[in-house]
Ligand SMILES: Nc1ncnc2c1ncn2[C@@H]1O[C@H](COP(=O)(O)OP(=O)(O)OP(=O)(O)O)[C@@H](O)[C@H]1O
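Presented as structure tokens, the chain that follows is alone, the form predicted on its own.
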Amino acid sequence: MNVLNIQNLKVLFRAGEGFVRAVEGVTITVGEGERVAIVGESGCGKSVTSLACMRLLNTPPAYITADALTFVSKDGKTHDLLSKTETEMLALRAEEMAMIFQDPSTFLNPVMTIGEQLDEVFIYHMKMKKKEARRHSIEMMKKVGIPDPEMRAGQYPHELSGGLKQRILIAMATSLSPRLLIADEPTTALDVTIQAQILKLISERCEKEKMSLLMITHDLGVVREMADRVYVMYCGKIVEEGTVQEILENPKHPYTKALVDTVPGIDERVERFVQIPKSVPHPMHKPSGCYFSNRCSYCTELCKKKQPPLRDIGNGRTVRCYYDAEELWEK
């Protein structure tokens, strides 16, 4: 059973020069207890997709449409997220679906103590008294490995390191055992050692609380560590889907192959790192035809003229390319 079902999601932003097509017809599903990753470079629409799922984009400037954007709660009820009022969404957030944001400094209130911010989760959603809420907050801080939680509860966000602030966000997001956890680049600003600790913590919390996970990342190392299934996103479109092993070991789309090639093997000696030429196009100035055509070494005239459809190539794999991988890699 799919906990999250996104069909043909489109997100546009009104700008001074017209509309920015941030997400174009994205279809994504997350099964019960499944760990799904959306991977791609910055500017590909990954975070906008996750924010649209949580209904955290203001309209205007964002305009969201979808054939389906549904979520199944713990009681088995299916919710049409696009038709929910803000009050109804507030009831779903935290209790049923929660999000760990990319930069904890942006989402923690600088004038409230850590304890007060954690207490609010239990006071608002569980209707607890302040004393009982604080007891639960301390317990959650212990669960995410924060040392001396009683002392930390009285501190302000600026007094905590990046790793501790990210642990606080994880505590907030998982405190009510939501059915779906969305993690948007949760380790971007952290060093490698702390990144490994945070990923392990998220994995353990998901396993213990039986949560489904939607991981947003540009790091293929994170994908290998955390995901069962992967969607590769480029310029607002899904260009490939498959299991983590299939995507990393047998990529079918030139963009996926380029991403994989940029990461050297652990025992591989390289004189020069592989780079994808140019950069992700501005969403208002996307190339005609295939959006990856201006960066693709396998591009043909057909690629420049018409956007390729997302093809089903069997065994649950899809790819948005005119050519079979075997034909391309032989060129």
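As the structure is a computational prediction, the values presented were derived from the model and not from experiment. The first residue of the shown sequence is 1; numbering continues from there.
Missing here is the form predicted in complex with this ligand; even so, the following discussion is about that form.
- For the residues C303, V48, A66, A37, the 4.5 Å heavy atom test against this ligand in the predicted complex is passed only by V48.
- Site annotation in the predicted complex: the residue of E246, E185, E120, E96 reaching within 4.5 Å of this ligand with a heavy atom is E185.
- Here the chain stands alone, but in the predicted complex its contact with this ligand, taken as any heavy atom within 4.5 Å, falls in 40 to 48 among 26 to 34, 66 to 74, 40 to 48, 295 to 303.
- Although the partner is absent here, V319 lies well away from this ligand in the predicted complex, with no heavy atom inside 4.5 Å.
- When contacts are judged by a 4.5 Å heavy atom cut-off, L310 does not count as touching this ligand in the predicted complex.
- Heavy atoms of Y323 never reach within 4.5 Å of this ligand in the predicted complex, leaving it off the interface.
- In the predicted complex, L9 stays away from this ligand, with no heavy atom inside 4.5 Å.
- Scanning 70 to 87 for heavy atoms within 4.5 Å of this ligand in the predicted complex gives no residues at all.
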